[in-house]
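First, one chain by itself in structure tokens, the form predicted on its own.
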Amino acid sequence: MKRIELTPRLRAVADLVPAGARLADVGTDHAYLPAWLLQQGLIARAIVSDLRAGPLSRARETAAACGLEDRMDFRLCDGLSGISPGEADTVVIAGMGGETIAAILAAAPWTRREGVHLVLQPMSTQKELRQWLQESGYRIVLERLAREGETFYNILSVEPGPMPPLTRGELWAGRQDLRDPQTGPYLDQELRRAARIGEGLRRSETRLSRDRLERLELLIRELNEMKKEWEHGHGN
């Protein structure tokens, strides 16, 4: 029987899935995450969905190799369109762009009901996702970081409800756990990214670029403040 091993990214996602969850894994691909959770005895069943037949076929292969076919339901559907309210209390959407994740949630308003837990891992447009969550009746309970090589991944634990307004820095980099040793290197990366954007804006002479540069400089100040808070907590 095949035993599943998760990458650091997927393990960080798994860590935010509550034990005993009725799980829906959207865009499951190989279904490694639900298979691992089932093998660990953390969940009893899982719904796995994907938009394309190919990834869903790979998910079935994983389930068969692990002897889990009777504990996974397979749905070929767009986002959550093939999953009914009440079938899942925990929804994982990992490995997609932030705007795609927002569109999936917008099309499934039942995810804003009390008792529904979301674990989101955006690969891009994270700022846009955080902004949308803030404006759409969700609150980010916490964020975790995972690192694979030189790449950081943000994993968001989200529930329905109002959220205190996020600052520019938090919209950009997340409301990070200042006790996490990875937070400092991650903020350094984000500061470098913001600085590169600023260099490009300084070479432009348009009014729009000057306005954007002004906002970017405010963002950089906030990111530096976040970094100082992290350093203070780590005795640096």
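Just so we're clear, the structure is a prediction, and the values are computed from it rather than from any experiment. In this text, residue numbers run from 1 along the sequence as written.
Same protein, other form: the form predicted together with a small molecule, not shown, and the subject of what follows.
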With the partner omitted here, the residue among Ile140, Leu118, Ala88, Ile104 that in the model of the complex has a heavy atom within 4.5 Å of the small molecule is Ile104
Taking the small molecule in the model of the complex as the reference, which of Leu145, Met72, Leu133, Ala94 has a non-hydrogen atom within 4.5 Å?
Ala94
Partner contact for Leu51 in the model of the complex: the small molecule, 4.5 angstroms, heavy atom:
yes
When the contact criterion is heavy atoms within 4.5 Å, does Leu10 count as touching the small molecule in the model of the complex?
yes
Contact with the small molecule in the model of the complex for Val26, defined as at least one heavy atom pair within 4.5 Å: yes or no?
yes
Give a yes or no for Gly184: in the model of the complex, does one of its heavy atoms lie within 4.5 Å of a heavy atom belonging to the small molecule?
no
Where does the small molecule sit in the model of the complex: which of 110-118, 147-155, 162-170, 95-103, heavy atoms within 4.5 Å?
95-103
